[in-house]
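As structure tokens, one chain now follows by itself in the form predicted alone.
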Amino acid sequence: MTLNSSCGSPEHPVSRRGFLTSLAAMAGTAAVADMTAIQVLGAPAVANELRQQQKRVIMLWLAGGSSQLETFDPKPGVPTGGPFQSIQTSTPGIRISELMPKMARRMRDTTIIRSLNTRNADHGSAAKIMMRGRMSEADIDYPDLGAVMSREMGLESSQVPDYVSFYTATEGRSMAPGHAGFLGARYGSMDLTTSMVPENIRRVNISELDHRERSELRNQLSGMFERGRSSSSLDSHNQAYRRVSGIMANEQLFDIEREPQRVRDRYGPTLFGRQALAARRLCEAGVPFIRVGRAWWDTHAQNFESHQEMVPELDHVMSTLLDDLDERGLLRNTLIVTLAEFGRTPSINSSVGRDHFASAWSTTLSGCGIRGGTVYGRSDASGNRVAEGEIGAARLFATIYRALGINPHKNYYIGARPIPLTDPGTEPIREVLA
């Protein structure tokens, strides 16, 4: 879990760090005060209401850049196509790589977009674009999709996190961490990089009475500090503290061992599968945005061997997740996005690899608000350029927002300055929306 503990605010000269240090003994153990409200979240009536109304996103982040040619836009029989064939899907006329037979059988909820041209093939900056939907600007610190979902779909009364990111691989982790930008730390990510369970959330060797009394003392000290001061930073901190309390009380949400063995077997033993199952549990509990990072797809060498291993895993995990959500009545309100920072070159290099490629690559959207069993856009016969329906990151994000019922043309504000949610003039792709 990554927390930004610095204030940096001119609103008050008192050291925030110094004050928080005095609370350090309590900070890891103050959950009881909000436990009643937290536990209500698990009540059947509340859970059913969330299923009916609250929208969610699960992003399968294929870090490093998966190959569109070995997944959703195969080109068999041409020099750039590689050794794998395409197979017919359950939707007539749509073919995908033979490495994805399970997704081929269940295309009914998925649309493939084959016409991304994002014009940036650098890992770091491209990853930021594909998490934020736009280019960075010197004077505006844009939030990423998870932070926007946290802001738009998070419930103030909820005691579970709004934005969770699983990324346990070391490769590429620093390239696109969760980023709240100008929305502020309240909407930032819980980054799980070493474990599937947040660190330091267990109550250790302390009775419930002591735990409650420490929580009450913390509230008293916090109230004393706030007296006579008005600060958005203080409000943000208190909200974050209540969320930490909620996480402590809901630790079991991250524990997939609580799932029946048959469900765990269904997702499989891989870390990617286990994290996807954890994502489903968090989604079911009302977490608006969960990213599951699967690294490392940067196949400059031995592209085909690597994809022969990784694509079937993606096929299995993605199809299992879609089926599980569908069976639980969650898919109609949950959008599944497969995304990376870019695709891979049609040309095959001397190391039998494919290099970075942003000119004509693919993504998929499944579930909430999406017209399944469709393809939008087309790359040319060799896969070197977009032949039809070219879009960039902004239009993809406008489509995602519209599918979730969020107006892509709305403004946020920094002071009096309006900041549009997507680049001005950007329209969603109507053809893929339900």
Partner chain sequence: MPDANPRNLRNVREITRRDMLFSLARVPNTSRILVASSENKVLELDAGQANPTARELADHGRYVTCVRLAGNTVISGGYDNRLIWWDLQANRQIRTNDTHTRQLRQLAVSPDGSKLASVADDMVCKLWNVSDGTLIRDLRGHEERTPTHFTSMLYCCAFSNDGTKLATGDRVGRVCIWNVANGERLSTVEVPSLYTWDATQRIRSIGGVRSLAFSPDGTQIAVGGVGQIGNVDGLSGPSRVEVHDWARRTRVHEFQGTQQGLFNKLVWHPQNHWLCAIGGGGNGFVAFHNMANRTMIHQMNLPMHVHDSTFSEDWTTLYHAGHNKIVVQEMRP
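Positions refer to the first chain, counted from 1. Owing to the predicted nature of the structure, the values given are computational and were not obtained by experimental measurement.
The same protein has a further form, the form predicted together with the partner chain, not shown here; the description that follows concerns it.
Residue-level contacts in the predicted complex: of A169, L217, L155, M196, one residue has a heavy atom within 4.5 Å of the partner chain, and it is A169.
Residue-level contacts in the predicted complex: of E98, D141, D326, D122, one residue has a heavy atom within 4.5 Å of the partner chain, and it is E98. Remark: none of the three candidate residues (Q261, Y267 and S319) comes within 4.5 Å of the partner chain in the predicted complex, counting heavy atoms only. Remark: of stretches 280-288, 328-336, 349-357, 181-189, the one touching the partner chain in the predicted complex is 349-357 (heavy atom within 4.5 Å). Using a 4.5 angstroms limit between non-hydrogen atoms, R212 is distant from the partner chain in the predicted complex. In the predicted complex, D298 approaches the partner chain with a heavy atom inside 4.5 Å.
Of the heavy atoms in E137, none are within 4.5 Å of the partner chain in the predicted complex. Proximity of P92 to the partner chain in the predicted complex: non-hydrogen atoms within 4.5 Å are absent; the residue sits far from the partner.
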